[in-house]
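Just the one chain here, the form predicted alone, laid out as structure tokens.
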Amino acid sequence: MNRRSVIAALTSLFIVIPTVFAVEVKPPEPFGALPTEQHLAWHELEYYGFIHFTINTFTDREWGGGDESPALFNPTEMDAEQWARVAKESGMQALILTAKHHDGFCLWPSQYTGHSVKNCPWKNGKGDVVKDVSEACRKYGLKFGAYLSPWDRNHSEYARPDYVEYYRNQTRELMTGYGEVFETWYDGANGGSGYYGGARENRRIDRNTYYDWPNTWKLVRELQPGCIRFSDAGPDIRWVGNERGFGYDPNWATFNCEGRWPGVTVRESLWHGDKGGTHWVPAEVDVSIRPGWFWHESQNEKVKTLEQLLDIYYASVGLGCNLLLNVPPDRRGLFHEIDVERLGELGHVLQRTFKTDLAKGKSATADNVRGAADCFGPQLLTDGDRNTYWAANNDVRQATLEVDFGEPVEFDRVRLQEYIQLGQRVESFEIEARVDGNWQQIGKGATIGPRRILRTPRVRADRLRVKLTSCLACPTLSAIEVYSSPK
């Protein structure tokens, strides 16, 4: 064999050997209920606004009786762009409008009722609040959502079969006339006293069967494929079980949907979810910036303080929930100056806090790496990409991860995130910092899920350690991020 033949043979051998002996390391098998693409997009929003605005704004009430005259609705300076601009500047990613509250008054000119803006003096009956808000949202890069109250204290057929078709007709109007709708909102207030077309009586419904929710929700999915549907029972996301602005720990995104409907659910499941639940139904926290959901002049001095809003943010977004913060326009149709100021303060602090991830690009290590493969290595925890992830071997239920800052850095916020595309797995964890050569615990919790943001003591440390102390399956983690809030 000549020299050229020998070199060719050796070259061929070296090409073949890696192919023959390469071992593919597969990702973990999905565990439990999983989020849909709609869920993943919704989780990314984290914080958005609720807009309660209707005849109640002009009657100084929280719940209208259904007998109010449309002539009462007449904002003098309504500016939906102000709402969207202020929301954007505060860090919100979307707005959800109360298109119809329990009083039945519609903020769009519905063809199915006269109890709407088409019979009010505002814009001589030619106005459409839903259109104004949806267009303002698009202008400022926000997503748009709608709340259509199931209960209607104005409609003569409420609690009778014909009302269900009326409700679906109005759903079609909202789902087809205003562009993309990212979320629809349904609460558990259903049935009771009302005007009901002049009957002025109490009407009760069977919350389990009256609305035929599966077909109503199916209609929304058909008309708005990307839309998330909220209620006590999902089907996509759930109420957190309080209106005070906080989530719970543990917070499982998994939930048992069987036998649960708007107004019919299990309190502990709303709070904590159901570990090992049948469906992915994460929690949304709804709370108002004021004591009431609608604007009242008497509450102008009771707007939540910056400190209260920050507590709410970390007790909701920080616990893996999404935050829906209500900001009610006043009778002018504007966010009140005090509310605007407070939202600006909140947005400023959040922007400064999360501007610089001190862990990004830093060295990270793990006591277990799936198949010892770089594609699941700990360097993916600090690469600044929340879609890459570290993973452990199948038999692992505890793991320790470390970030080396290279030199002491000062921080007081730590953000963790699981790779939820493969399910929620972590059920307890601890966080330690190495200060002057000594490790000290600075935080701990139960679940992580889509995110966990901990407010820790302010420390100056050169290393951070995350201990996953109990997991339902081999753990994954997408990110370890470290921040310093403004002093």
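Numbering starts at 1 and runs along the sequence shown. Just so you know, these numbers come straight off a predicted model, no measurement behind them.
Another form exists, predicted together with a small molecule; not displayed. Remarks below refer to it.
J.: Can you work out which of D339, D132, D236, D286 has a heavy atom no more than 4.5 Å from the small molecule in the predicted bound form?
T.: In short, D286.
J.: Could you work out which of E307, E243, E222, E258 is the residue within 4.5 angstroms of the small molecule in the predicted bound form, going by heavy atoms?
T.: It is E243.
J.: Looking at 173-181, 311-319, 98-106, 245-253, which one sits within 4.5 Å of the small molecule in the predicted bound form if you count heavy atoms only?
T.: Stretch with heavy atoms near the partner: 98-106.
J.: Can you tell me whether F31 touches the small molecule? I mean in the predicted bound form, with a 4.5 angstroms heavy atom cut-off.
T.: Answer no; every heavy atom of F31 is more than 4.5 Å from the small molecule in the predicted bound form.
J.: Answer for F50 alone: is it within 4.5 Å of the small molecule in the predicted bound form, judged on heavy atom distances?
T.: Contact check for F50: yes, within 4.5 Å of the small molecule in the predicted bound form.
J.: Whether L350 contacts the small molecule in the predicted bound form should be assessed with a 4.5 Å heavy atom distance threshold; does it?
T.: Judged by the heavy-atom cut-off of 4.5 Å, L350 is well away from the small molecule in the predicted bound form.
J.: Should W63 be classed as touching the small molecule in the predicted bound form when contacts are defined as heavy atoms within 4.5 Å?
T.: W63 belongs to the contact set for the small molecule.
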